[in-house]
Ligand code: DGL
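What follows is a single chain, given as structure tokens, in the form predicted alone.
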Amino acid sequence: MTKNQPIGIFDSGIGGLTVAKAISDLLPNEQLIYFGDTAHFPFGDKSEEAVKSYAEGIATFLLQQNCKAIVVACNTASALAESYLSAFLPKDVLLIDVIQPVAAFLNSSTFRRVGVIATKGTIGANVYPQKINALNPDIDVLSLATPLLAPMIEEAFFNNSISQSVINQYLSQDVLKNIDALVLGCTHYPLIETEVQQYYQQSGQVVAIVNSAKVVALAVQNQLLQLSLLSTNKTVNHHFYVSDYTDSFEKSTKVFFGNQLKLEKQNIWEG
């Protein structure tokens, strides 16, 4: 393994772009290979067996691109397939999911009543309470499945009165009352962070929003630093792949990375 090999990142759709952007901003010398499995979006309502199969196929593709690290930029895949991938991948390939870094962050915080919003798959796996309480059993973790949010965001349908209404309906549920922090437990959700903040501001509540994308980027930096694998590339050439081209993904890519990227269709499930 050498320091100038790329970092692989994958998600079912555009949500992982929030992680890719955070990593790119923090580590501009790192080349990124991104795979959005838009053919199978969303992962959140798929079976555990299906998610493991998708994760293995994508990881195999990223290994073929010579990645030194693979970031599972999807909470559902992190919840259902992280241990499976850990056993599957070569031991010298760094594997980073999006849940453990958040658990570590919360353990170092003063938050004691933490809400988590995520897909049905992530919430059903109960992985956030398990990983957070394994580090700190004194933190109360309150979880709520919010299945409408990821499809809404995937279609770039946010920052309007209808999306705000949907978000408000979820956040006003009794299970999330009196929390002091809210984890955006899906990598799509940082795209609605402003609307989440608006809900709490308008309701007079003081709630810290935990943006997993930024937390994960810091975890990637720390682990690469510990392994002496931080890149020294002077110029980088990112590659962003999707299994099925969508206009919304193309538009979202431009929002995060401007016109510097050319989206490539690579359906690894064909043939």
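Model, not experiment: these values are computed from the prediction. Heads up: residue numbers just count along the shown sequence, starting at 1.
The next section is about a form of this same protein that is not shown, the form predicted in complex with D-glutamic acid.
- Taking the partner from elsewhere, residue 116 is found to have every heavy atom lying beyond 4.5 Å of D-glutamic acid in the predicted complex.
- D-glutamic acid is not shown here, but in the predicted complex it comes within 4.5 Å of a heavy atom of residue 186.
- D-glutamic acid in the predicted complex comes within 4.5 Å of no heavy atom belonging to residue 35.
- By the criterion of a heavy atom within 4.5 Å, residue 54 is excluded from the residues contacting D-glutamic acid in the predicted complex.
- Here the chain stands alone, but in the predicted complex its contact with D-glutamic acid, taken as any heavy atom within 4.5 Å, falls in 119 to 127 among 163 to 171, 84 to 92, 119 to 127, 103 to 111.
- Contact annotation for 18 to 57: residues with any non-hydrogen atom within 4.5 angstroms of D-glutamic acid in the predicted complex are 41, 42, 43, 44, listed in sequence order.
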